[in-house]
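Only one chain is given next, in C-alpha coordinates, and it is the form predicted alone.
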Amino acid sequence: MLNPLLITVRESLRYRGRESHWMWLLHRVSGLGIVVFLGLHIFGMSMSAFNPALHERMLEAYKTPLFAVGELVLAALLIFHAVNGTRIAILELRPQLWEKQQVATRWALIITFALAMPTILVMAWKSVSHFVSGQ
(Lines give C-alpha, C1' and ligand atoms only; values in the text may rest on other atoms or scores of the structure.)
Protein backbone atom coordinates (compact mmCIF):
# COMPACT_ATOMS: atom_id res chain seq x y z
CA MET A 1 0.00 0.00 0.00
CA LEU A 2 1.34 3.44 -0.94
CA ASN A 3 1.78 5.99 1.79
CA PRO A 4 -0.19 9.25 1.54
CA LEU A 5 2.85 11.32 0.50
CA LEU A 6 3.56 9.08 -2.50
CA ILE A 7 -0.11 9.11 -3.47
CA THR A 8 -0.15 12.92 -3.30
CA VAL A 9 2.98 13.20 -5.44
CA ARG A 10 1.72 10.69 -8.00
CA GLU A 11 -1.69 12.30 -8.30
CA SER A 12 -0.19 15.81 -8.41
CA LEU A 13 1.92 14.84 -11.39
CA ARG A 14 -1.05 13.21 -13.17
CA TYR A 15 -3.46 16.12 -12.67
CA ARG A 16 -3.68 18.43 -15.67
CA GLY A 17 -4.63 21.70 -13.97
CA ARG A 18 -2.50 23.88 -16.21
CA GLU A 19 -0.51 26.84 -14.88
CA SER A 20 -2.24 27.18 -11.53
CA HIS A 21 -1.59 23.56 -10.68
CA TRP A 22 2.08 23.77 -11.60
CA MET A 23 2.47 26.96 -9.56
CA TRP A 24 0.80 25.20 -6.61
CA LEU A 25 3.15 22.25 -6.96
CA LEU A 26 6.27 24.41 -7.38
CA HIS A 27 5.25 26.52 -4.39
CA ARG A 28 5.05 23.36 -2.24
CA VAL A 29 8.38 22.03 -3.54
CA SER A 30 10.14 25.36 -3.02
CA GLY A 31 8.72 25.61 0.50
CA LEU A 32 9.91 22.08 1.27
CA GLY A 33 13.40 22.90 -0.05
CA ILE A 34 13.56 26.00 2.14
CA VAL A 35 12.44 24.02 5.21
CA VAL A 36 15.09 21.35 4.54
CA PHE A 37 17.75 24.06 4.28
CA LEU A 38 16.60 25.73 7.49
CA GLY A 39 16.60 22.42 9.35
CA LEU A 40 20.11 21.62 8.14
CA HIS A 41 21.29 25.14 8.96
CA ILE A 42 19.84 25.11 12.48
CA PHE A 43 21.26 21.65 13.14
CA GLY A 44 24.69 22.64 11.83
CA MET A 45 24.85 25.87 13.81
CA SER A 46 23.66 24.16 17.01
CA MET A 47 26.52 21.69 16.67
CA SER A 48 28.93 24.55 17.39
CA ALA A 49 27.78 24.32 21.03
CA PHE A 50 27.09 20.58 21.30
CA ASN A 51 29.64 18.94 19.00
CA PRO A 52 32.30 21.40 17.72
CA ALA A 53 34.13 18.70 15.72
CA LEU A 54 30.96 17.86 13.76
CA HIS A 55 30.29 21.58 13.30
CA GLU A 56 33.76 22.03 11.74
CA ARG A 57 33.24 19.03 9.43
CA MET A 58 29.90 20.44 8.33
CA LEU A 59 31.48 23.84 7.62
CA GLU A 60 34.08 22.13 5.45
CA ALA A 61 31.34 20.26 3.57
CA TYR A 62 29.54 23.56 2.94
CA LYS A 63 32.64 24.81 1.10
CA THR A 64 32.39 22.14 -1.62
CA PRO A 65 31.14 22.68 -5.19
CA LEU A 66 28.07 20.52 -4.47
CA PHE A 67 26.94 22.90 -1.72
CA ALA A 68 27.74 25.89 -3.95
CA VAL A 69 25.27 24.51 -6.51
CA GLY A 70 22.82 23.91 -3.66
CA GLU A 71 23.11 27.58 -2.69
CA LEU A 72 22.19 28.59 -6.24
CA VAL A 73 19.16 26.32 -6.16
CA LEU A 74 18.21 27.66 -2.73
CA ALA A 75 18.41 31.26 -4.00
CA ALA A 76 16.11 30.40 -6.90
CA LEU A 77 13.68 28.60 -4.58
CA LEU A 78 13.59 31.53 -2.16
CA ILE A 79 12.94 34.06 -4.90
CA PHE A 80 10.24 31.93 -6.54
CA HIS A 81 8.55 31.22 -3.21
CA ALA A 82 8.51 34.91 -2.25
CA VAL A 83 7.20 36.11 -5.62
CA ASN A 84 4.59 33.37 -5.91
CA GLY A 85 3.51 33.93 -2.29
CA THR A 86 3.02 37.60 -3.11
CA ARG A 87 0.94 36.63 -6.15
CA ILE A 88 -1.22 34.37 -3.98
CA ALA A 89 -1.65 37.09 -1.34
CA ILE A 90 -2.70 39.66 -3.94
CA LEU A 91 -5.21 37.25 -5.46
CA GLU A 92 -6.59 36.39 -2.01
CA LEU A 93 -6.92 40.07 -1.05
CA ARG A 94 -8.59 40.96 -4.35
CA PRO A 95 -10.87 38.01 -5.29
CA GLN A 96 -12.02 39.79 -8.45
CA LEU A 97 -8.48 39.28 -9.81
CA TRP A 98 -8.82 35.47 -9.84
CA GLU A 99 -10.15 35.71 -13.38
CA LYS A 100 -6.74 37.14 -14.30
CA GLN A 101 -4.85 34.23 -12.75
CA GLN A 102 -3.05 33.26 -15.96
CA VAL A 103 -1.74 36.81 -16.39
CA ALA A 104 -0.71 36.90 -12.73
CA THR A 105 1.09 33.58 -13.14
CA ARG A 106 3.01 34.82 -16.16
CA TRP A 107 4.00 38.01 -14.34
CA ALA A 108 5.10 36.00 -11.31
CA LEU A 109 7.34 33.86 -13.53
CA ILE A 110 8.75 36.91 -15.33
CA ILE A 111 9.50 38.67 -12.04
CA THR A 112 11.04 35.50 -10.59
CA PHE A 113 13.27 35.16 -13.64
CA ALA A 114 14.22 38.87 -13.57
CA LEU A 115 15.21 38.67 -9.91
CA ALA A 116 16.77 35.20 -9.95
CA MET A 117 19.02 35.52 -12.98
CA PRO A 118 21.26 38.37 -11.73
CA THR A 119 21.29 36.86 -8.23
CA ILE A 120 22.34 33.45 -9.50
CA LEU A 121 24.89 34.90 -11.91
CA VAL A 122 26.57 36.94 -9.15
CA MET A 123 26.54 33.99 -6.75
CA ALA A 124 27.84 31.60 -9.43
CA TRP A 125 30.60 34.04 -10.41
CA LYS A 126 31.73 34.33 -6.79
CA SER A 127 31.64 30.55 -6.33
CA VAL A 128 33.57 29.86 -9.51
CA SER A 129 36.13 32.55 -8.58
CA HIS A 130 36.51 30.99 -5.15
CA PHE A 131 37.04 27.47 -6.47
CA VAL A 132 39.38 28.56 -9.30
CA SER A 133 41.55 30.70 -7.03
CA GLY A 134 41.60 27.95 -4.40
CA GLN A 135 40.92 30.24 -1.47
Partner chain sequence: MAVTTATSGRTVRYVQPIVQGRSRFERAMWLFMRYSGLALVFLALSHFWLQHLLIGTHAITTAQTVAFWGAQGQPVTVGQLLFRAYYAVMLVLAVGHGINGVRQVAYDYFGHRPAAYKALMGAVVSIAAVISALGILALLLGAQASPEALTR
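The structure presented is a predicted model; accordingly, all values stated were derived computationally and were not measured. Superpose the two forms; the largest set of C-alphas matching within 1.5 Å is the rigid core. Positions refer to the first chain, counted from 1.
Not pictured, yet referred to below: the form predicted in complex with the partner chain.
Residue contact check for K100: none of its heavy atoms lie within 4.5 Å of the partner chain in the predicted bound form. At the 4.5 Å threshold, heavy atoms of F113 stay clear of the partner chain in the predicted bound form, well away from it. By the criterion of a heavy atom within 4.5 Å, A49 is counted among the residues contacting the partner chain in the predicted bound form. The shortest heavy atom separation between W24 and the partner chain in the predicted bound form is within 4.5 Å. Although the partner chain is not shown here, in the predicted bound form the stretch 36-73 places heavy atoms of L38, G39, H41, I42, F43, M45, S46, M47, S48, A49, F50, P52, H55, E56, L59, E60, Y62, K63, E71 within 4.5 Å of it, in sequence order. For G85, a C-alpha deviation below 2 angstroms is recorded between this form and the one not shown after rigid-core alignment.
Shown in the overlay between this form and the one not shown, fitted on the rigid core, is a CA shift at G70 smaller than 2 Å. Fitting the two forms on the rigid core leaves the C-alpha of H27 displaced by under 2 angstroms between this form and the one not shown.
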